[in-house]
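Just one chain follows, in the form predicted on its own, and it is written as structure tokens.
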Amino acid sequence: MKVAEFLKRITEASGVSGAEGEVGTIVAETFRTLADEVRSDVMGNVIALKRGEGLPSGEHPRVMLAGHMDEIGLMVTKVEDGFLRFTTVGGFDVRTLLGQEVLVHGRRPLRGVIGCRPPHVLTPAENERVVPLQELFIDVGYEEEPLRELVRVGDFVTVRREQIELAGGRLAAKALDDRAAVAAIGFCLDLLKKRRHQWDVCAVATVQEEVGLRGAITSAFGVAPHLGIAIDVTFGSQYGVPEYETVEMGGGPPIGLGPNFHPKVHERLVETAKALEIPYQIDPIPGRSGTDAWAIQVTREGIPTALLSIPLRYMHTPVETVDVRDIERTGHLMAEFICGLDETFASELGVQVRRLNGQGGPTCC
């Protein structure tokens, strides 16, 4: 699997929280070439099953890999004098919106631009501030009447951005939070096609993480894994941000450490990375992580959970930037970790292996 090519397809697709259908279709299509079964649940989560050989006892414990495929975006709130007023879906940085090209998902897709009053007509005080959201508007070029036929209040809007290849193996695009993780999961599944492993792997591209971890909550309950690994992005080193608040770009995946994560799973991930000389970093998180890992950990009676992160610059902007090596190393670490899962580790975690569907328990697909 070529990570950059897959990332280009999924980052240039649209998938605002609550409307992930377009990107979900691409993810499902790719996962079908890498896994044994693929389905989508009622929330829109894409769930792929890669079967393991099973334990000597005949049981099939499940490890869940979760990365969210939704993106932050915009929503139309008013059609006014031939222009569109809008609000944000998820935590968009308003400073980055002015002058962006967008795609309005109306009765048919409409290309537009985000504008505001020019600086020449502003007061000195207005010129010194960030333009507030309520003063921005989308212009698609239509007059009032035809615009109302094509766009309704509640229609989603996404920033239109092509992936950019930078020097040193880095890429910039929109929605790398968290489609970089979906690519890492795909890379892991591709490696597992050539490897033997006992545990079943349930790979999930989750929905609605940006508005409340909803896809992870529902999919984790349905899959009922015995172990969960969430993959998300974290703050990569960049100009103007203190070193202690970031991780190194190209330094390999940070492994979460804190109460949201099971210590034995953390230790095994670190041991695996060391044994294979995969670069990694430690990411201390003293409370809830705010990622899908939080939702997975507290599902049902509780699930041993870990978090792997991908360093990313310029989070929640249209030019999020990653190092492709970090994505590949994250996928490699997960694949090697999964190949080492056995009956002994299940016992160490203290999990009770639920049987597969048809034998009294849930299953991935």
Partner chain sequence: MKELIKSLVEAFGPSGSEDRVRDLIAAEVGKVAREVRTDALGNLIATVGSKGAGGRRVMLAAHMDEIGIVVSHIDAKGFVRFGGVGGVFRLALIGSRVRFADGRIGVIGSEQKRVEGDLPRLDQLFIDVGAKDRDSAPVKVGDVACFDRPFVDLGGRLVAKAMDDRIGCAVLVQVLKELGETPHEVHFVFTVQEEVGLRGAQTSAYGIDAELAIAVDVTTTGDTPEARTMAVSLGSGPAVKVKDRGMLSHPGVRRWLVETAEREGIPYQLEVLEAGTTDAAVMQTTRAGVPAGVLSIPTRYVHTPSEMVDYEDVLGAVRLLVAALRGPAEIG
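What you see is a predicted model, and the numbers here were worked out from it, not measured in a lab. Numbering follows the first chain given and starts at 1.
Not on display, but discussed next: the form predicted together with the partner chain.
Scanning 26, 43, 339, 34 against the partner chain in the predicted bound form with a 4.5 Å heavy atom cut-off leaves one residue, 43.
Residue in contact with the partner chain in the predicted bound form (any heavy atom within 4.5 Å), chosen from 222, 106, 251, 112: 222.
Although the partner is absent here, residue 17 sits close enough that one of its heavy atoms falls within 4.5 Å of the partner chain in the predicted bound form. In the predicted bound form, the partner chain stays beyond 4.5 Å of every heavy atom belonging to residue 96. Proximity of residue 211 to the partner chain in the predicted bound form: non-hydrogen atoms within 4.5 Å are present. Taking the partner from elsewhere, residue 78 is found to have a heavy atom lying within 4.5 Å of the partner chain in the predicted bound form. Between 195-203, 70-78, 169-177, 230-238, the stretch whose residues reach within 4.5 angstroms of the partner chain in the predicted bound form through a non-hydrogen atom is 70-78. Residues 85, 87, 88, 89 are the members of 84-109 with a non-hydrogen atom no more than 4.5 angstroms from the partner chain in the predicted bound form.
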